[in-house]
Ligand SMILES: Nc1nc2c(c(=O)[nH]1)N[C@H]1C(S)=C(S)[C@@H](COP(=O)(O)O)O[C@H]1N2
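Next comes just one chain, in structure tokens: the form predicted alone.
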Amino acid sequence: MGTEQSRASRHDEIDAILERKGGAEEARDDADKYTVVGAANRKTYANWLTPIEEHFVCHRNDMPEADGDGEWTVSLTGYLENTYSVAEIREEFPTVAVAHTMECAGNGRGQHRPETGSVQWGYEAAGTAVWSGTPLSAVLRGDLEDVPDDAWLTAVGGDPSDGEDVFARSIPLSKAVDDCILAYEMNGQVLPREHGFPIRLIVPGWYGVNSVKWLDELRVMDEMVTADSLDRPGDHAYWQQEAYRIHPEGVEPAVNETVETGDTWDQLEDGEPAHPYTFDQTVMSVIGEPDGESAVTVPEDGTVEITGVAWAGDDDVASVEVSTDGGDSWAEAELFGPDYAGAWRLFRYDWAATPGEYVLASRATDDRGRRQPMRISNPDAWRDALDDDEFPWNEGGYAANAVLPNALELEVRSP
């Protein structure tokens, strides 16, 4: 299977994307396989809405050709049997707008030591956009009478693979009909090609890998996608059962037909399944301003405002703390601005600053009392890391949400 073979065409895609995205920059990709750009500046994380020009992009196949709404179709299969063009989805069903913080499951991979392979993201693979489209429940609900409550929905992408794999991701059907949409607009504009034009799945609060781009098929099944569960050639299970699983080095995760919860952190804490799937996002925060790129001069009133964003997937952000001494002490920040399920919150802290050198950090806690750990563990710790306020180093570098790797150094100068 060619999932990690070098793809020369990605360089042309990245160059074309960066011509349109003035606030983004290319991310390092050790596999030379993925089309990846991320936010170029911390100041992206001082604002609630992420402009398309600053929003990260990540995919691993060439973008498919799609000329218009009427030509591209989405097939409903498995328990269902139907086909809709994108034009029909737009015109025959209601339209809603959903605010969603999209985060790559590999965000923070580049903070692992020793390094893991592939894309070396820091904090820049996250952004909040308003996605407009059709509620998935409106498309599916009339055909679900005979479908079990614990069924799964598998979304298949229409991007052509250069290997034997099919890009397919499964989510619980209950999540799909709760708040997922089939999106064809982003921030009020036609969905950009690199973000999935003409249509993509949006799974609010869950890692971006679940929001399948260039949507080709929706299959309602009794279980998650496994090796031969789709009516098409190729390897169906790689992106569900092998990639995007949290596990120590050298482990081949076991195939599961179902899991009890889509909460990534619950899976990690409970040990069921043994190697968690990256579904619901873990609690996370990033300081946007000051950005650490230039010194800050103390204002006349002596107060420097620290601003950033915090998110917690399906859960709510309960609080954010800020440290100006690298985590030795903490002060409560204020949450403010828009408050939508599945989207990040803004936070600010008025800091009585004096001249000197500082290390600024933020730490968020969700409404279930789960708080960002301070650092990423060494590879040998695995789940024992959780008891030491560490996020477990894992071979894929997934779901990292540690505090100190995202801290910034700041010089404060006299007026």
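Sequential numbering from 1, following the sequence displayed. None of the values given here were measured: they were computed from a predicted structure.
Although it is not shown, the form predicted in complex with the ligand is what the next lines describe.
Just one listed stretch, out of 353-361, 384-392, 370-378, 53-61, contacts the ligand in the model of the complex at the 4.5 Å heavy atom level, and that stretch is 53-61. For the three residues 104, 167 and 195, a heavy atom within 4.5 Å of the ligand turns up in the model of the complex in every case. Only one of 208, 308, 276, 204 comes within 4.5 Å of the ligand in the model of the complex through a heavy atom, and that residue is 208. Listed residues 262, 157, 110, 253 were compared with the ligand in the model of the complex; 157 is the one with a heavy atom within 4.5 Å.
Using a 4.5 angstroms limit between non-hydrogen atoms, residue 213 touches the ligand in the model of the complex. Among heavy atoms of residue 90, none comes within 4.5 Å of the ligand in the model of the complex.
In the model of the complex, at least one heavy atom of residue 200 sits within 4.5 Å of a heavy atom of the ligand. Though the partner is left out of this view, residue 79 does not reach within 4.5 Å of the ligand in the model of the complex, counting heavy atoms only. Residues of 228-259 placing a heavy atom within 4.5 Å of the ligand in the model of the complex: 244 alone.
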